[in-house]
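The chain below stands alone and is given in C-alpha cells; this is the form predicted alone.
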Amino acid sequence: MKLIDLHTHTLASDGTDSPAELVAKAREAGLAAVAVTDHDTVAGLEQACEAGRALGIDVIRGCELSTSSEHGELHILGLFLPEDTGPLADVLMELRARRSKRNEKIVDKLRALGMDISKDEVRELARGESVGRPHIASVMLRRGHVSCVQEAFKRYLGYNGKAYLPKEVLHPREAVRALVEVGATVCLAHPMLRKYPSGWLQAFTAKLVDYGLTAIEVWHSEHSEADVRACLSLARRFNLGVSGGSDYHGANKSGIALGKGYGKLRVGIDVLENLLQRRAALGL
C-alpha cells in the first residue's frame, strides 16, 4: 500500500527543511503524496510544488491556523488550497503580524532577564515568513542561555515560563470560514493532544461543522490507538472525511519522521483518495 503524509512543516514556518528538501525526503521515504501545511503562511508552497513535479510526488497545498477555545488552542488545517488564496492571504498576513508583535515582546522579556538576544537575530535565523517561539529558543541555545530547546520552553517560553505570552489567534469561526471561502478541505488537526471534559470535544466539533468543517485528523504522531478510535467515531458521527499526518518539523521535533511519526504512523493513499472523492461530490 502506498503511504502519504498530510501534515508537515518547512522553514517557511517552524520546520528546519526547505520546501524542496522536505519533498525530496518524502520521495526518499517512498511516500506517494505529501501536504505542506506551514503555520500562517503559504510561502513555501510554490517551491514544494515545483519539487513535487520534478520528483514525481504529489504535493498538496495547505496551511495550519491556530484558533482559540476555553481549553486552549486548537489547530485547523486547510488542504487543497488554490494557487490564488484571495482573502485568505489577508488573514495569514494579519496572523503573521500578530506573531511578530508577540515575538518582539517575548524577546524584550528575555532581554530584561539578562539574555543577550535580538529580534533581528531571531528573524535572520528563522528565514521564513512565519516566525515563532522555536526560532527564539534556537537563538537562546546558540547564545548559551539554555542547554537545549526543551529547557528554553520549560523555563522561559512555555505556558508557565518566565517570558511566556499568550498568542493572539483566530476565533474558530474565522479560521474555518476563511478556508471554506477559498475552497479548502477544512480539517480539525490533532484533536486528542489535550484532555477535555466529557462531551466537550463532540460539542466543539459540532460547532465547527456548522461553520464548515469537512474533515478530522485521525492519525497523528501523538495519537494513541484509543485516540484514533475516538477520532474515527467523531468522523462517523458528523460525516467528516478523515486525514492523517506526522506533523513533521525536521530537527525542531526530533524523532518524528515523514510518513512514520515516531515509528508507527501509517496513512494509506486511500485516505487521500477518499478526501478527493468528497471534494468532487462537493463540486470542488
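In case it trips you up, residue 1 is the first one in the sequence shown, and so on. Keep in mind that what you see is a predicted model, and the values were worked out from it rather than measured.
Absent from the display: the form predicted together with a small molecule. The rest refers to it.
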(message) If we define contact as a non-hydrogen atom of the residue within 4.5 angstroms of the partner, is His39 a contact of the small molecule in the predicted complex?
(response) yes
(message) I'd like to know if Val149 sits close to the small molecule in the predicted complex, meaning any non-hydrogen atom pair within 4.5 angstroms.
(response) yes
(request) Answer with yes or no whether Phe204 is in contact with the small molecule in the predicted complex, where contact means some heavy atom within 4.5 Å. (result) no
(message) Is it the case that Tyr211, even though its partner is missing from this view, gets within 4.5 Å of the small molecule in the predicted complex, heavy atoms only?
(response) no
(request) Select, from the options 79-87, 97-105, 139-147, 194-202, the stretch whose residues sit within 4.5 angstroms of the small molecule in the predicted complex by heavy atom distance. (result) 97-105
(request) Could you check which residue among Arg27, Arg61, His223, Lys253 gets a heavy atom within 4.5 Å of the small molecule in the predicted complex? (result) Lys253
